[in-house]
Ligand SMILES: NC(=O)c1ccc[n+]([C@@H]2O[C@H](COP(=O)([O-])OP(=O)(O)OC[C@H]3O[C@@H](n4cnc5c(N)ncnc54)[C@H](O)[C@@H]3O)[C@@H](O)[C@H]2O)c1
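Heads up, the chain below is alone and in the form predicted on its own; it's given as structure tokens.
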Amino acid sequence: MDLTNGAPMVQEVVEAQGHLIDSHIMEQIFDAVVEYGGRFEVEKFSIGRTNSEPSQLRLRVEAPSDEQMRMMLEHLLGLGCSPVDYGDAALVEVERDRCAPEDFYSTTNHRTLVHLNGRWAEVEDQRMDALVVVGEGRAHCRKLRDIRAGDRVVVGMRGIRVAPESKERDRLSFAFMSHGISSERQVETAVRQTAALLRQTIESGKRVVVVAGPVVVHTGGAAPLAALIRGGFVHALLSGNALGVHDIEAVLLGTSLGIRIADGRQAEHGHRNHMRAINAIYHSGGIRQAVESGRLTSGILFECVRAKVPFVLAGSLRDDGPLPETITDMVEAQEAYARQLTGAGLVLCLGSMLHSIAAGNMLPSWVKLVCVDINPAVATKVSDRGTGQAIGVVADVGLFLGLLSKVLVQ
């Protein structure tokens, strides 16, 4: 203990390593200490001498109370700082299903390691807002609702290391968007770079997942998205009931929300067209059956069925119908999303804030996410909800998809 103005100060020594300077992590570490009423002393700092060599920081931190130190360490842990005096991670056995110990460790979406039996074990199935369950020398993330009596979960903050993603250095992949969300960026430039990133993802053996809202259809993006699916550039489609309904409405009736796609005019009795589209699919027995029978002959879901690209339609309270394939159980829909996001290297979010946030919350921070929307607040919201790797492209979704399709397909 140290004394400052007669009050005892709680002390800890923490360490961090990585690209601390150019990723602005070190200044965040210093700010966090001050934010919780503490102070810091740099005991050791070595700067990486090359663009691939990490920097190393050793920091003595002080806080006015145990509670403030606990809160400070919790914040610092998310920035990649771990106490030097760590030992093995503390484990507590769960007594009842879905009832974790009160001091359970809640994960971030960053790569995480826990110290078990004298060695560091990487946590599997990394995602935010989960618990770390340990068994047979391995650790993995598990949602609170899936915790069962007898599980051993990590508690406290000792024996845990978090490795935040470093600033992107590859100018041909993600660095072109590293300056945040701006409506002043040329759409053509963003399209070219997104196309290059998409190709790199596929060449590396990872999957490209598209999260799309019904605005894709309203803005004329259905045909180019269908072309991307047909060309093998999409490996899964995640959306809600509305995208499926309006995609099918456009194919069967030539309207989207009752508006004629050809000239933008209101169709006579067009307000019922989306219900007619749902009814047609029920008569066919489902979307796949509508394709196989020749009732549905084009569109986004048509191409998914033909190319055997899995799609998930998650339901909501707003849905009409819904379509037979729409999953109305939210837990089941979440699980279906998570399955399709496994192995993703790039997630392309197109005009859907809620589904984009949902997908982002299931991803580890090293999976790249590009969010395209005419409203810059959407990409900001996705990032603010924990998906810090999300990069925003402020553009009309239909225009963006049309240009992307030309670059990749034509």
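Worth saying up front: this structure is predicted, and the values here are computed from it rather than measured. A residue's number is simply how far along the shown sequence it sits, counting from 1.
From this point on, the text means the form predicted in complex with the named molecule, which you will not see here.
Per the 4.5 Å heavy atom criterion, the named molecule in the model of the complex is contacted by stretch 313-321, the sole one of 137-145, 263-271, 221-229, 313-321.
Among heavy atoms of S65, none comes within 4.5 Å of the named molecule in the model of the complex. The named molecule in the model of the complex is approached by G351, whose closest heavy atom lies within 4.5 angstroms of it.
The shortest heavy atom separation between M9 and the named molecule in the model of the complex exceeds 4.5 Å. Using a 4.5 Å cutoff between non-hydrogen atoms, N241 counts as a contact of the named molecule in the model of the complex. Though the named molecule is absent from this view, in the model of the complex it lies within 4.5 Å of a heavy atom of just one residue from Q56, T380, Q28, N375, which is N375. Of the residues in 386-405, those that come within 4.5 Å of the named molecule in the model of the complex through at least one heavy atom are, in sequence order, A395, D396, V397.
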